[in-house]
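This document opens with one chain alone, in structure tokens, the form predicted on its own.
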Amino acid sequence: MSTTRFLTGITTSGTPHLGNYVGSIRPSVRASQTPGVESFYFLADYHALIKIDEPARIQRSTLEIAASWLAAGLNPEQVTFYRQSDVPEIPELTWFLTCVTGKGVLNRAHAYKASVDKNSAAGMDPDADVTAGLFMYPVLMGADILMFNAHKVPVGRDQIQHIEMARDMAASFNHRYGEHFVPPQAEIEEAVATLPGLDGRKMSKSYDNTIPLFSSREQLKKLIAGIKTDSRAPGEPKDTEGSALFQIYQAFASEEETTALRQSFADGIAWGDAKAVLFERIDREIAPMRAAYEDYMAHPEKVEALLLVGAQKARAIATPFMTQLRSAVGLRGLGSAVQAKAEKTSKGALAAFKQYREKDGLFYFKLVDTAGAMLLQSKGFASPKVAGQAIGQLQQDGAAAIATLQAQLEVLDSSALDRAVQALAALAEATDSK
């Protein structure tokens, strides 16, 4: 069964709220527990710089969001959990994608258009206070997704545009430089794609209408009591359509519970009683996580250690992939160009795999160039069959297989890695031409 890559990130610009939980944290944690899924979770601190200029707030938010994910059941040993700024390949890929993305595409980005429309309505310069970061941030988001060739990205319906842009970027790059990127797909849980806030608008820190995810029981009850409702009295039937209270409940409740509350609305439940039902239902799900969250908040060094390990896992994929992409666009060592020319002009002058058995009883292989210099070295395999399968994967998938098999390969310097990528590409080309 093939593996599906699932990726999601949360911007470190504030305290996580219920909207973050039902729209991103909960579905992505569930996805990480699904067989055949490889999950990536990141703290989008580069994105935070676009709208937050308070360093302490970004640092605090990074801890809060990481602690929220961990408390919600994220297992760092089973997923890749990292801080965006710990993976320097992401901003490098952002530049690569910038060079293949049309300005007209970015002109249509929702956030940029909203700023331009707001300025125009106020009679100001359309680009007043619009930074290049705001304008370019869909490209950074595209790099987040394409860096790990994510197949599915959980987003609210209002974020679908960014996934479509990432698909466009992948197609533009692939068209110019060959097939390197997988077109991602948006993953939307229809019932909770966008959660309303206290005032009925989308729950957002920008509107100051959020319910913090790990509010105390008392604070949660108080905030829910403040949810905006209409003036219908107890006994009067109430509409579920457009009711923020009902929509929030639906995001937490089972189908049977939702049906029961819908009937209670029709029967004229008092708003106070409806809010009490909502409070108990949310607290039932959140309460078991509070103690874990508070422990992580009290021990940030635990979170930091987990993030650094996650960054190593992320870079084990990102570094060889960027080597492949750098080679694809022409950012290559000059020696590799000479070698590539020699391989093309010398009949049969291609790199080759050598398999052998050591005294420890394990089976190894190495990839050597035409001069006998080693480009890749494997670790030991229990059988020659498994070693041969790894060689076959490298011959078929090239640099992508280097990332997949990184745990079975010895660490090489960047020069040898670059030459190995070139050699594998030449082997694949020779195979295809036969």
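Remember, it's a predicted structure, so these values are computed and weren't measured experimentally. In case it trips you up, residue 1 is the first one in the sequence shown, and so on.
Unshown form predicted together with a small molecule; subsequent notes refer to it.
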- Tell me, which of Met147, Leu195, Leu278, Met141 has a heavy atom within 4.5 angstroms of the small molecule in the predicted bound form? Met141
- Work out which of Ser215, Ser115, Ser85, Gln159 lies within 4.5 Å of the small molecule in the predicted bound form, going by heavy atoms. Gln159
- Within 4.5 Å of the small molecule in the predicted bound form, counting heavy atoms only, one of 235 to 243, 107 to 115, 257 to 265, 151 to 159 shows up; tell me which. 151 to 159
- Message: If we define contact as a non-hydrogen atom of the residue within 4.5 angstroms of the partner, is Ala44 a contact of the small molecule in the predicted bound form?
- Response: yes
- Query: Going by a heavy atom distance of 4.5 Å, is Gln422 a contact of the small molecule in the predicted bound form?
  - Reply: no
- Task: Indicate whether Phe321 is a 4.5 Å heavy atom neighbour of the small molecule in the predicted bound form.
- Result: no
- Query: So in the predicted bound form, does Gly19 come within 4.5 Å of the small molecule, heavy atom to heavy atom?
  - Reply: no
